[in-house]
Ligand SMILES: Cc1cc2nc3c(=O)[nH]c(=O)nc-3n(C[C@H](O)[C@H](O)[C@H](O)COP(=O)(O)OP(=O)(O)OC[C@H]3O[C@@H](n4cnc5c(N)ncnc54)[C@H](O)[C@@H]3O)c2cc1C
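Shown below, as structure tokens, is a lone chain in the form predicted on its own; questions about how it binds or moves come after it.
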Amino acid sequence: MDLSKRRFIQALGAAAAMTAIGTPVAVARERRYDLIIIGGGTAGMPAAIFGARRGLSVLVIDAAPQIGGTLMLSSGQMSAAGTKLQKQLGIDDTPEEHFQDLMRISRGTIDQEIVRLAVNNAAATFDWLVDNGYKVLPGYPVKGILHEPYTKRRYYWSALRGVAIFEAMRPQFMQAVNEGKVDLLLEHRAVALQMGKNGLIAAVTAEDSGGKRVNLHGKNVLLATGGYASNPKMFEQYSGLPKYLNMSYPYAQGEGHLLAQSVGGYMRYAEKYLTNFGTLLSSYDVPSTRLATTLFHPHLRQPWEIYVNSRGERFVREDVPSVDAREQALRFQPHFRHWVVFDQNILEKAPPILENWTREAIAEAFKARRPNFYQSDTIEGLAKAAGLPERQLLATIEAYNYGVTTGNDFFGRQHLPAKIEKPPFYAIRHQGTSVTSTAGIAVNNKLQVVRKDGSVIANLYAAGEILGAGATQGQAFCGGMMVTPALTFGRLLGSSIIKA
């Protein structure tokens, strides 16, 4: 069992302890809460903690049998400027610099109002977690690892990933539950919002696993239900592509989005959909699991191979240092798909392109004809096996070999270690994928759900992935700008924005 799976199981064990504290439905039915939170994850937990701290009566509803939400699976990337840790390390940083970096990385496609609210309050959120036991990896913060780097060291990661964030919040949440300040209703899906005559949400209808329904009354409702990435129909509706990868939190079904829309809310930012540079899938079935992690980052492994699209053409300088440049290049390729092409010489001499795979394991995958692995003694045969145009793949490899010989690659590639000329020839198909939700429910600067005409549903709020990656990251992947805004918005809503 690998470390990430073991941590996930350990985290589930810790979270499962919460099930014993579930609030009787009769109690929840009889009370009128100051705040009903639908979703006990990244945004819902801090909202409950800080709301209870202020004296609000709080009810948390979650469809899962435990709290924690996507933190059980999340890499837990965080970013914040002006933190106490930065100051201890002599790093001079400000929220404004963080904002400008996000504008640069996203090319101005972020929701500026939402992002300013996030970055201006992120340091306080991060400091709160650290004060409650959150520990970063040695050497952190850094400028960046998996995504386009920041100009300052404000990117944080923990050895326990998202579980570390959960563990920093869990004791406070449990204390609030034990003291009766937070009621917890697990294994209940919120299925309807009831609107009162005054235009405010009057009640939430929840349903247990047996189909039994209960009406829960509250002055304010927070939708913290996460995304829709595990709902294939909604995923394809808002991304335009099938849900290829099955790695999202299983309860991310988009139910909060439907609830908001049922009372006039609307979705935005679907056009900002972006995938990673490609995942090696285990099968041709959709959705599929991931078979392996491919090392596309030149700072980790310089490329020996070439990457071609479905037309058999190269489409990016394979050794370009910018993560964003590679991801943006794939955005313009058919089906967000590409093939990694190489030969026997590269297989024998290059560092393995699949993380933690030996050359022998890679060779065996081709021999066994595993899905997405193709090989042939000729380039024409390889093209036929991989479903690529033969003449174009031949021309592409010939042009690349010319660049290797002359040192003048047509894409400006600098790392040109070897031609592709020794049979057998190989190709590994990669599929651009995403495990998060790009589109999200529209809110104002107080995180209140709004309608297309601009009117506000005054006591209905939304925070977390339900707002969509398009709001906090734009059409880019910005390190830490999913988890940190969710935590921050939950904290702000509980501590100040939502009124009793």
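On a predicted model such as this, the values are computed, not experimentally measured, just so you know. Throughout, we count residues from 1 along the sequence that is shown.
Not on display, but discussed next: the form predicted in complex with this ligand.
Candidate site formed by 238, 270 and 440: none of these residues places a non-hydrogen atom within 4.5 angstroms of this ligand in the predicted bound form. Remark: of stretches 386 to 394, 88 to 96, 372 to 380, 184 to 192, the one touching this ligand in the predicted bound form is 184 to 192 (heavy atom within 4.5 Å). Of the residues 142, 124, 418, 247, just one reaches this ligand in the predicted bound form with a heavy atom at 4.5 Å or closer; this is 247.
Residue in contact with this ligand in the predicted bound form (any heavy atom within 4.5 Å), chosen from 63, 457, 447, 56: 63. Put simply, residue 49 is far from this ligand in the predicted bound form: not one heavy atom of it is within 4.5 Å. With a 4.5 Å cutoff on heavy atoms, residue 475 does not count as touching this ligand in the predicted bound form; it lies far away. In the predicted bound form, this ligand lies farther than 4.5 Å from every heavy atom of residue 280. Not displayed here, this ligand is kept clear of residue 350 by more than 4.5 Å at the level of heavy atoms in the predicted bound form. If you take 218 to 248 and check each residue for a heavy atom within 4.5 Å of this ligand in the predicted bound form, you get 224, 225, 226, 247, 248, in sequence order.
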